[in-house]
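Given next, in C-alpha cells, is a single chain: the form predicted alone.
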Amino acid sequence: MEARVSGLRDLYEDFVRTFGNVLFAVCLFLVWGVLTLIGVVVEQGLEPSAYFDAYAAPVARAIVRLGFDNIYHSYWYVGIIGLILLSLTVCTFKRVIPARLPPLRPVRIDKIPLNASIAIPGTVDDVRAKVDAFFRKRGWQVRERTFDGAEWIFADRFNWARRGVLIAHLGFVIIAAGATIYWARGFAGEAAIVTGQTFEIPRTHALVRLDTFGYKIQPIATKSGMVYQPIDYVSHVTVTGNDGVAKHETIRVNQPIDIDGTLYYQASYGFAMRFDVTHNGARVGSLSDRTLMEGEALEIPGTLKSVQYARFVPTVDRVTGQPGPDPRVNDPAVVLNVFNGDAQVGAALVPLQTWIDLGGGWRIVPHTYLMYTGLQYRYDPGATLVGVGAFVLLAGLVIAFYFLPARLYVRVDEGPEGTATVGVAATTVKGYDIYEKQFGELTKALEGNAWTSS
C-alpha cells in the first residue's frame, strides 16, 4: 500500500513538474501559434480535390489526412488548447499564486538583498506607531501581525497588481472557452452566387438570392499610368431565414448582414458566362443552358475535346487587341483554353458574340455574361467570449507589466540609549534590482523625518 501511495505521489510530482514548467508552457503556445498560422495560410473548408489542385500531391495529402483543411475543428487544435489550459492551471496554483500572493510571515531581514537598519529616537511602541503612520501617509497598505511575541509591520504597495498574471490567465481561459464554443457549434464557409441564382446555406438552410450586383471603379492617374481603384462592391440580395419571410438586404465590403446570427460578408465578385454551343448549326441545349464560372469547362460530346472558360476580360485594347487594364465592361471578351484530353492544344481571346470553331461542326459562341458575388459566411457563438477574453487578457498584461507590487517587512526592536532600531526589507515580484532606487529613496525619507519621542 505504501509503495502504491509513493508511486502515485511520484507520478503527481512528475505531472506538476512538467505542466508547471514555464518552458513547457511556452512550447505549447508556440505549437498553438503554428497551428493557427496554418489555419490562416491554408484555406479552410474546401473539398479535397481543391487542395490537390492547389498544392503538390504530398502536401495536399498531408493537409487532408492531418485535418489541416478544417484545423480549428480538429482534435489537434482543441487538444493543444486543452493542454495549454491544463498547464496554466498548474502554473497558476503551483507557481503563480505562491509567488504572487505570498503569506504574511516573518523573514530574516538581513538576508534579503534590499534591507536597511535605521536608529530612531524613542520607545519601541512610539516608533512603531510613527512608522505605521509614515507608510500609511504615503499610500501603503499596512498590516500588523505578531509571531512568537514579536510584532511585525507588513506594508504593501500596488498589492492588487499581484493578481495581474492571474487576470491574464483568466483572459486566456475565457478566450479558450469562446474558441471551444466555436469548435462545437460554429461554422464558416463561402459561396459564389450568380445573378438570379438562389443559394441554400448548408448548415442553416437559409436562402440567399442575388438580385443584382454592382461595383464602382475609380480611375486614378499616376506617374506610372492609369490605375483603376475599386471603391465599392454591392450585392442586392433577397434572404429567407428561419422565419420564412423573404427580406431585401444590401451587402457591402465591411458591412455584413446578419441572418439568424450568421454573418454574411462581401468577399469578391466575378463574371459567369453562358455560351451558345452549336453542332452543324443546331443549338445543343444541354451545353448552351449551362452557366460557367472561371475555370469550368464544357465537355464536347463524342470527342476528347473540352473548352475551358479561363477568365473574363472586361475591356479589350482596340490598338493591340490584347486584354486591357480597365476592369469596367467596355469591349468584353473571354479567354478560352481548348484541350484534347489532358493536353492543351490552344487558347484564344474571343470577344462576345463572336465564335471559335472546334472542327467536326462544333462552334462555341460567348453569348451572355452574368455577374456573380463571392460571399463568406460565419457563425461564431463564441465571438463575444473571445472579445471579452482578449480585453481581460490585455488588462491582466497591462497590470502585470506596468505596475510594480512591493512588500516591506518592518520590525522595530529596542536600540541602545533610548532609541529603537527599525529593520526594513523589501521584496517585489520582479526581482530586487528593479526596486533598488525606490527602496533607497524610501529608507532615506524614513530616516530623515523629524522623529521625536513622545
Partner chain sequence: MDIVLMKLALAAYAIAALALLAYFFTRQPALRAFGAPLAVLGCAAQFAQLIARFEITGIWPLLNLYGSLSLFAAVAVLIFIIFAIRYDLWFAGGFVIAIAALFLAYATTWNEGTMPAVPSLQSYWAKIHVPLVVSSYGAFLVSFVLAGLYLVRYYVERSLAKTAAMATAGGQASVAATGGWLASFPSLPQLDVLTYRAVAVGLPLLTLGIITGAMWAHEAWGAYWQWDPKETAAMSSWIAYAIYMHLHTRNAWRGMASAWICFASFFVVLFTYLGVNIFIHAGLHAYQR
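Bear in mind the structure is a predicted one, so any value in this text is a computation, not a measurement. Positions refer to the first chain, counted from 1. C-alpha atoms forming the largest set that superposes within 1.5 Å between two forms make up the rigid core.
Just so it is clear, the following notes concern the form predicted together with its partner chain, a form of the same protein that is not shown.
A.B. asks: Counting only heavy atoms and a 4.5 Å cutoff, which of 332-340, 118-126, 308-316, 232-240 contacts its partner chain in the predicted bound form?
C.D. replies: Selected stretch: 232-240.
A.B. asks: Of 130, 274, 378, 363, which one comes within 4.5 Å of its partner chain in the predicted bound form, counting heavy atoms only?
C.D. replies: By the 4.5 Å heavy-atom cutoff, the listed residue in contact is 378.
A.B. asks: To verify the annotation, which of these, 444, 9, 17, 430, has a non-hydrogen atom within 4.5 Å of its partner chain in the predicted bound form?
C.D. replies: Result of the distance check: 430.
A.B. asks: Counting heavy atoms only and using a 4.5 Å cut-off, do 68, 297 and 374 all touch its partner chain in the predicted bound form?
C.D. replies: Negative, none of the three is within 4.5 Å.
A.B. asks: Can you work out whether residue 140 and its partner chain are in contact in the predicted bound form, taking contact to mean some heavy atom pair no more than 4.5 Å apart?
C.D. replies: Taking the distances in the predicted bound form, the answer for residue 140 is no, it never comes within 4.5 Å of its partner chain.
A.B. asks: So, in the predicted bound form, is residue 111 in contact with its partner chain at a 4.5 angstroms heavy atom limit?
C.D. replies: Although its partner chain is absent here, residue 111 would stay clear of it in the predicted bound form, with no heavy atoms inside 4.5 Å.
A.B. asks: Taking heavy atoms only, is residue 320 within 4.5 angstroms of its partner chain in the predicted bound form?
C.D. replies: Residue-level check for residue 320: no, no contact with its partner chain.
A.B. asks: Using heavy atoms and a 4.5 Å limit, would one call residue 64 a contact residue for its partner chain in the predicted bound form?
C.D. replies: So residue 64 does not count as contacting its partner chain.
A.B. asks: Taking only heavy atoms into account, state which residues of 362-395 are within 4.5 Å of its partner chain in the predicted bound form, ordered by sequence.
C.D. replies: Contacts from 362-395: 376, 378, 380, 383, 386, 390, 391, 393, 394.
A.B. asks: Would residue 418 count as moving between the shown form and the other one, using a Cα shift of 2 angstroms or more after superposing the core as the test?
C.D. replies: Superposed on the core, residue 418 moves its C-alpha less than 2 Å between the shown form and the other one.
A.B. asks: Taking the rigid core as reference, does residue 439 move its C-alpha 2 Å or further between the shown form and the other one?
C.D. replies: For residue 439, whose C-alpha is compared between the shown form and the other one after core superposition, the shift is less than 2 Å.
A.B. asks: Given a core-based superposition, decide whether the C-alpha of residue 84 shifts by 2 Å or more between the shown form and the other one.
C.D. replies: True for residue 84: a C-alpha shift of 2 Å or more.
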